[in-house]
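Below you will find one chain, with nothing else, as structure tokens; this is the form predicted alone, and questions on how it binds or moves follow later.
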Amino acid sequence: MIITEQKELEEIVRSLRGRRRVFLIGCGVCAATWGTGGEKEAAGMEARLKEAGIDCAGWIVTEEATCDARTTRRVIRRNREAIASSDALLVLSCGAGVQTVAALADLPVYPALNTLFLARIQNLSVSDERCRLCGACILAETAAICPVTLCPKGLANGPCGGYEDGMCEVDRERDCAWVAIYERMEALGQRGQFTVIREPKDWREDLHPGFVNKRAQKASV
């Protein structure tokens, strides 16, 4: 899940300076589940903006993820009258959703949320980053624990010399990722994998912006 947080109202109002009327679009998947961009949050944002003197033409939450252009295109089409009466759109979703709306709308588009990270959900109040979206997954080699994400240094071959008592050198309150990898390998009878030297990461797999065309891939097979 993509984890987001609502921006401070002051920042949102500042970004909307000069806009007379806005329409709000929330995300029905990540932001709704995490409680930053669902129906409750969209209605609350509308009320807060009105208190701040910004008129709202209404709001809608997409049925699917806002970053899905197919869903968002339908939402914009169904709400075209309210959107046409607005001079800006405020989007309660991750950055990908904001940019999707911007590509489909002929109005200025502004974010209401900050995008934080891709997370493992422990419960609806607690999440932790688990994937850097690096494009070259090595979880098969590291007992399904990601050192690229969980090690602040992104080390691919064991702990640095600064770890102490199983704790990270960078943050003494944080478990060392490579200690966790070793302990899991040992518990699974895979300790021999720990001493395998991995090649330096090919960061060409992490090029941005990313792009995938599955149809073209199938045609080339």
Partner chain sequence: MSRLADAIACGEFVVTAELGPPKGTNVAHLLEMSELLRDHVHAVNVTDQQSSVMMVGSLTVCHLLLNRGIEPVFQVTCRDRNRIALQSDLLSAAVLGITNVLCLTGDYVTLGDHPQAKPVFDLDSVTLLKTVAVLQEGRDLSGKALTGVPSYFPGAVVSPAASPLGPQIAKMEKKVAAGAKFFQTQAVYDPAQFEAFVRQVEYLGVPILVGIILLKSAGMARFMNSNVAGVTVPDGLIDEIGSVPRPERAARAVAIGARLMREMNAMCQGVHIMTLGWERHVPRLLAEAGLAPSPSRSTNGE
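Worth saying up front: this structure is predicted, and the values here are computed from it rather than measured. Residue numbers count along the first chain shown, from 1.
Below: the form predicted together with its partner chain, not depicted.
Shown alone, this chain has one stretch from 30-38, 187-195, 64-72, 44-52 that lies within 4.5 Å of its partner chain in the predicted bound form by heavy atoms: 187-195. In the predicted bound form, its partner chain sits within 4.5 Å of a heavy atom belonging to residue 203. Using a 4.5 angstroms limit between non-hydrogen atoms, residue 58 is distant from its partner chain in the predicted bound form.
The closest non-hydrogen atom of residue 169 lies within 4.5 Å of its partner chain in the predicted bound form.
In the predicted bound form, its partner chain sits within 4.5 Å of a heavy atom belonging to residue 199. For the candidate spot formed by 117, 135 and 149, no residue has a non-hydrogen atom within 4.5 angstroms of its partner chain in the predicted bound form. Although its partner chain is not shown here, in the predicted bound form the stretch 154-172 places heavy atoms of 155, 156, 157, 158, 159, 160, 161, 162, 163, 164, 165, 166, 169, 170, 172 within 4.5 Å of it, in sequence order.
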